[in-house]
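Form predicted on its own, single chain, as structure tokens, below.
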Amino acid sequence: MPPVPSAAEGAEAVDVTALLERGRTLATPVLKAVVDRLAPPMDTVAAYHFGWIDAAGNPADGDGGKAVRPALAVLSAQAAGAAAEAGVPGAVAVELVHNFSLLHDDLMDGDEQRRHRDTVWKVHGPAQAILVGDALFALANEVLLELGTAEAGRAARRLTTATRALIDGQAQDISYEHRERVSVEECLEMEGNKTGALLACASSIGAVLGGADDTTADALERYGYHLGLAFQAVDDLLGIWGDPEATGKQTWSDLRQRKKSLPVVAALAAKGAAAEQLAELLAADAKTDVDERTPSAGDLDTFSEAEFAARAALIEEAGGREWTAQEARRQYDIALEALDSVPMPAAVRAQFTALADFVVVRKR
């Protein structure tokens, strides 16, 4: 992972775990109430996805994810001078959109595990994964618009724009898997859409609901967008070299799915024997591709662990791992610079910085 960044003054005193837990605690009761609006069996399927029940329908205390987005949403309300609670509808709306994307992504990618247990499509079938994902997206807009305020309308517009960008990014991600070459610029654009857009929205939506003007909201969006790029760069590192015990995914996860993630495209863009050998191997891999992508059929299922390890070693030798770690730090720096134009209490600024620190040094 990238080296620990030098935090802004006061950030080292922030308890990030408590900050994340605050966002989760404020958002979860509202999130559960909103999910309860869904017709059966979608309410149960959604509850399973969120980790509130197990596959048999029994209450569970599952891993609900890192809760970075809810934490950012309620913190952004405070950046606008409002109470943290003013950001809760935004936190819930963003979390609903995020989980809509996870349900669909798991199905499209054929991922059988998320957060150390079977994914929704694996347990309840592809149809339910699609329907529940669609329902969560609809609920996200409902949560905001039912507030009936001008600020809610502004927030809903930002959320809708971010969602469209997220979907664009997912479409780009899938199309890149079947191309031999993807440029670093194309990869960054895709990751900015797929991850940066929703984190940008999370970082500003609470401020909008709290009455912030567009200048303030736009600056917070820039923070979130570049934080999202840092987040995704770290995710790309974890997708190849992450510990399965920590990530909850298979070893060499992104290589198994032939993802053109940042370490891969950076390695391919480099010069040298390792980059050339990697390009030859990936070109040969592409010839084994199948015409139809299905959740039950992986393209590279016959590969041994040693073959994936060899590809990971070539990516590292060509410099892809180091370049991605440096890019995570660069995007982190840009994110913090965006906060400079936003007047806010020192304690709130320190919390934004601490969340950025957390994003670039996490292990899952």
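Residue numbers run from 1 along the displayed sequence. Being a predicted model, the structure only gives us computed values, none of them experimental.
Not on display, but discussed next: the form predicted in complex with a further copy of the same chain.
When contacts are judged by a 4.5 Å heavy atom cut-off, residue 153 counts as touching a further copy of the same chain in the model of the complex. Not displayed here, a further copy of the same chain is approached by residue 168 to within 4.5 Å at the level of heavy atoms in the model of the complex. Shown alone here, residue 137 lies within 4.5 Å of a further copy of the same chain in the model of the complex, counting heavy atoms only. Put simply, residue 127 is close to a further copy of the same chain in the model of the complex: some heavy atom of it is within 4.5 Å. A heavy atom within 4.5 Å of a further copy of the same chain in the model of the complex is found for one listed residue only; from 222, 256, 104, 98, this is 104. Scanning 269, 238, 286, 108 against a further copy of the same chain in the model of the complex with a 4.5 Å heavy atom cut-off leaves one residue, 108. Listed stretches are 209-217, 257-265, 89-97, 168-176; the contact stretch with a further copy of the same chain in the model of the complex is 168-176, by a heavy atom cutoff of 4.5 Å. Not one of 181, 185 and 282 is positioned with any heavy atom within 4.5 Å of a further copy of the same chain in the model of the complex. Contacts between 24-40 and a further copy of the same chain, taken as any heavy atom within 4.5 Å in the model of the complex, involve 37, 38, 39.
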